[in-house]
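As structure tokens, one chain now follows by itself in the form predicted on its own.
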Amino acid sequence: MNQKILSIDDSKTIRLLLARMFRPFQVELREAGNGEEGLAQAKEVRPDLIILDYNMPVMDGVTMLQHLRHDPQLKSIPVIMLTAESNPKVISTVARLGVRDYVVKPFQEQALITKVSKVIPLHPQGTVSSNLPS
């Protein structure tokens, strides 16, 4: 079964970059352009991981994170912040809200893949992931 990642970022370029980055893996990548859309997608899809931007229109990343953490069905979804925001106050706020990691843009693709693989298993396309003995 493919891992489900929800990418929430107002930058279409970042969402396309993430789609390209995770294409080699058995991952179902969903996208949202702001926190409000992301929250709706999270409720519908129940992703295994959310990659979340901080600065977005409609609903920012911190507000969305607060909504996630107060929803009993969504509060345990791991979140990695991927943002240009490097203010220590913001980092401290999202850390208190339980983000798994914090990545500042611009970022190294391999570094993000490594961080994601510490949260969810990433299996290359074309491999069979099974717990059954061969």
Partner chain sequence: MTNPLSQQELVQIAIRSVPEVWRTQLKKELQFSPELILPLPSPHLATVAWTGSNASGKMVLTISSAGARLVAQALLGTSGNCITEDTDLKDVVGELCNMLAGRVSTELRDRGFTGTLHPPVLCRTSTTVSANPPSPTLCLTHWTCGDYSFTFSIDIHPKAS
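Numbering follows the first chain given and starts at 1. Quick caveat: nothing in here was measured; it's all calculated off a predicted structure.
Only in words, not in the display: the form predicted in complex with its partner chain, which the text now covers.
Remark: residue 43 does not count among the residues lining its partner chain in the predicted complex, judged by a heavy atom distance of 4.5 Å or less. Interface membership of residue 96, defined by any non-hydrogen atom within 4.5 Å of its partner chain in the predicted complex, is ruled out.
Proximity of residue 117 to its partner chain in the predicted complex: non-hydrogen atoms within 4.5 Å are absent; the residue sits far from the partner. Contact check for residue 88: a non-hydrogen atom falls within 4.5 Å of its partner chain in the predicted complex. Figure note: of the listed segments 43-51, 64-72, 26-34, 104-112, the one touching its partner chain in the predicted complex, with heavy atoms no more than 4.5 Å away, is 104-112.
For the stretch 41-68, the set of residues having any non-hydrogen atom within 4.5 angstroms of its partner chain in the predicted complex comprises only 55.
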